[in-house]
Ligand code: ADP
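One chain comes next, on its own, written out as structure tokens in the form predicted on its own.
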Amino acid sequence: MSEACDQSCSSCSEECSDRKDKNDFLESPHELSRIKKVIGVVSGKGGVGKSLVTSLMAVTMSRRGFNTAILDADITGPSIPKAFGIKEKARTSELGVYPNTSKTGIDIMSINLLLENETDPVIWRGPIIGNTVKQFWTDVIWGDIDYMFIDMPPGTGDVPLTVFQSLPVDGIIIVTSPQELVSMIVAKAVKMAEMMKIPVIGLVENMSFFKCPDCGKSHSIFGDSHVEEVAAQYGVDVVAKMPIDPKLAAACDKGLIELTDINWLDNLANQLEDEEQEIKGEQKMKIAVASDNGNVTGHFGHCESFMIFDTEGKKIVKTEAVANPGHKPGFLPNFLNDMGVNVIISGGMGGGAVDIFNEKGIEVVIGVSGTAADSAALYLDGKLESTGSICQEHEHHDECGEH
């Protein structure tokens, strides 16, 4: 730990022995929000088209039938509402803040939707900006979202760090341009992602070329591209090369980005869809935790409720509490089986209940303590082991689900 350390791990990217895990800072979304995938769009410098790529990805995935949203984390330089032609202010209630919805149904939250005038400058210090971004996650009622794209400010400063540590980012897209400077800029973004343990989905090279409308020949306005070399150097994929297109710039200026005929990001969209299908087909499960007041109970049959966690891959995508319907011999294992539960976690359980779960192919993890949410997360990370503990007071009786 550095002598100058102020113990503020949330605003520091330095690796040290005293550093807290980034999961210690994760914020929960609004209780009425259910967000499956969070994709960050980053760049090492400004002016390379990061907001454009964010907008086009949201439009592309929306056209494929997904519920998409954009969280505009570029607080001091918001441009997303302009591209979508949104001028109305965000609506609030006692429950929280509601995002504005675009013409085609994309949910958007940006600081410009809260300011009195969209041209008012945001002259705030870093911590305030970071907290604002977190509030866009915790206080906004997003509803059901398949893909949320986060338009981050350029660089590797306070806001990207806040996003990486506070939000469950599934991966990032790095946007760059065809210049010699690209190697250093991409290296910074890739190394930050590695330090924060965030996967890099791929590189998008914007302004890659200009195709002459008269002769049809492509011209490298900003020089020859080096993105393939850089991608190979850092082990990432080039997922798209976008041209300079005056029509696209005009569409953004007029707020008509959703009406453009685009296909430059189809390969990237296909990649996201393939990953989604893999998760849906192979890694989706339902975990039930016998709990009292949110903690794992020591008595399976007498628990207050079952915390049910729907998961995709290693991510919890939905949580609900189901009241214990009643304690009768053999009833609860069948009740949970009918709900589609794949794993049951408890502090203790009678042998009869264990046998029924085993017969139905439901994995039993017992001898567990702590909170229900932590237990489910530990299971997904492969760090939860069953001790084989039996409810001692019910071991020889017809309780805890025994026959």
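Since the model is a prediction, treat every value here as computed from it, not as a measurement. In this text, residue numbers run from 1 along the sequence as written.
Form predicted together with ligand ADP: not shown, discussed below.
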| query | finding |
| --- | --- |
| Exercise: Asn206 in contact with ligand ADP in the model of the complex, heavy atom 4.5 Å | yes |
| Contact of Gly347 with ligand ADP in the model of the complex (heavy atom, 4.5 Å) | no |
| Ligand ADP contact in the model of the complex: Val48, any heavy atom under 4.5 Å | yes |
| Heavy atom of Leu248 within 4.5 Å of ligand ADP in the model of the complex | yes |
| Candidate stretches 370 to 378, 349 to 357, 335 to 343, 48 to 56, one within 4.5 Å of ligand ADP in the model of the complex by heavy atom | 48 to 56 |
| All of Val190, Pro199 and Gln271 with a heavy atom within 4.5 Å of ligand ADP in the model of the complex | no |
| In the model of the complex, the residue from Gly96, Gly330, Gly105, Pro243 that sits within 4.5 Å of ligand ADP by heavy atoms | Pro243 |
| Among the candidates Ile86, Ala90, Cys252, Val236, the residue which, in the model of the complex, approaches ligand ADP to within 4.5 Å (heavy atoms) | Cys252 |
